[in-house]
Ligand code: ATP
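Below you'll find only one chain, the form predicted alone, shown as structure tokens.
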Amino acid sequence: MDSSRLQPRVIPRQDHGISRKQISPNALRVLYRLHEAGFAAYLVGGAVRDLLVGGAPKDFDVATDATPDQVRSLFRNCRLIGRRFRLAHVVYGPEIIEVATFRAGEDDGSGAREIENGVLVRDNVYGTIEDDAVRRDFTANALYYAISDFSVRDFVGGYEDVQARSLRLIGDPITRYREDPVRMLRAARLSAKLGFAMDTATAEPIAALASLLEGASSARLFDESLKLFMAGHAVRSFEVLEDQGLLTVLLPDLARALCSDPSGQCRDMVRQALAMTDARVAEEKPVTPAFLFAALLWPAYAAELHRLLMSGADLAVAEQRAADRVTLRQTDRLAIPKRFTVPMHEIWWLQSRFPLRQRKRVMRLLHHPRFRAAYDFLELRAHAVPQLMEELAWWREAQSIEADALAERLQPKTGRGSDSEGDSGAPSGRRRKPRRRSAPRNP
């Protein structure tokens, strides 16, 4: 697309409905200071899009013709970040206003743009607002709110697409996806978040090009997965990922498990976990990736555990190996930090402890730092496997009564003593053969 021939459509203040009252005061400070210093200053991207559809943006990004160094000279509370894309962050306490310089569509030969194997790895060639609009990914994200006259500027038909709830890539979709394969996940995420339908040209190449994501940074894919599943639209994101053939690349073990799930129990459990996450986000309650990924990877873990137990491995050893194998495979694709994989493993391992009702085991489990998360996970599993409801009810009651009363209830009724675990009425002189614990049922 030739940016030099673009003529903006200008939507005046009275026609688009965006009010400055809806914009962060800190973003307005940045816009006004840039404007007063003689630079172009626009609110851009998702904030403009969300305001047009009646949403409440969480982030407010600014686009300008000022270079990052010029932006820094205007704001003492500014820091420059990024190598791939040089950006200015203007910091107001917990809020960061990101300021990006208009980027050009063509390489100027300065070395500020680098492409490796068709993927854009560095792009700091600056240009005009027309160049910048063409470079953006989706038309809905290429809308500019001008602080100079409070109009919205549209260079690529984004205003009509927002009104029509349509998600459309700017330029040739195959080329744009090859430039940055993560755009396929962004398309899925925005479609799920906004309720926009992908137009045919945008959606059609995704299944064929999905494998390109295997070459993307695992850290970027993890960050994108959090935006997909922990921003309040997890169920719909899951559906779009499946429909577009992206789940197989992002969560391959889960995709395989779902393909071999004739009962539908695994799918029910995963969907329930995602729905619970959406509900907590809507209620502004905390959510953790550890619990979410415990649910998404549980079918793979349970299958791996079953294979190891069938081969004769002890339960404790099998649990450790199964967790390590599943996590290693997934972190090769998504760089899930250890601070999330460690509690994820503990949530899994505690599932096999719930069937054990011996006094000391029960009391230890109730005081385990991961008990509440593991109990919530048991509740999640029981949603898909009704046979677990009795177990769930027992542990629910165990939490509701006083510790002394629970200990008394669990005290052996017969025999002269108890073994070291407090789970037997056998005479203390006899040694019992340890019972082999069984693996938790799947899901």
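Note that this is a predicted model, so its numbers are computed, not measured. Throughout, we count residues from 1 along the sequence that is shown.
What comes next is about the form predicted in complex with the ligand, which is not displayed.
Looking at 266 to 274, 134 to 142, 352 to 360, 298 to 306, the stretch with residues near the ligand in the model of the complex, meaning non-hydrogen atoms within 4.5 angstroms, turns out to be 134 to 142.
Contact check for R189: a non-hydrogen atom falls within 4.5 Å of the ligand in the model of the complex. R183 belongs to the set of residues with a heavy atom inside 4.5 Å of the ligand in the model of the complex. Residue contact check for R396: none of its heavy atoms lie within 4.5 Å of the ligand in the model of the complex.
Contact annotation: D59 falls within 4.5 Å of the ligand in the model of the complex, judged by heavy atom distances. Just one of R220, R72, R325, R370 comes within 4.5 Å of the ligand in the model of the complex, counting any heavy atom, and that one is R220. Between the options R321, H89, K227, R256, the residue in contact with the ligand in the model of the complex by a heavy atom within 4.5 angstroms is K227. Contacts with the ligand in the model of the complex, taken as any heavy atom within 4.5 Å, map within 20 to 55 to G45, G46, R49, D50.
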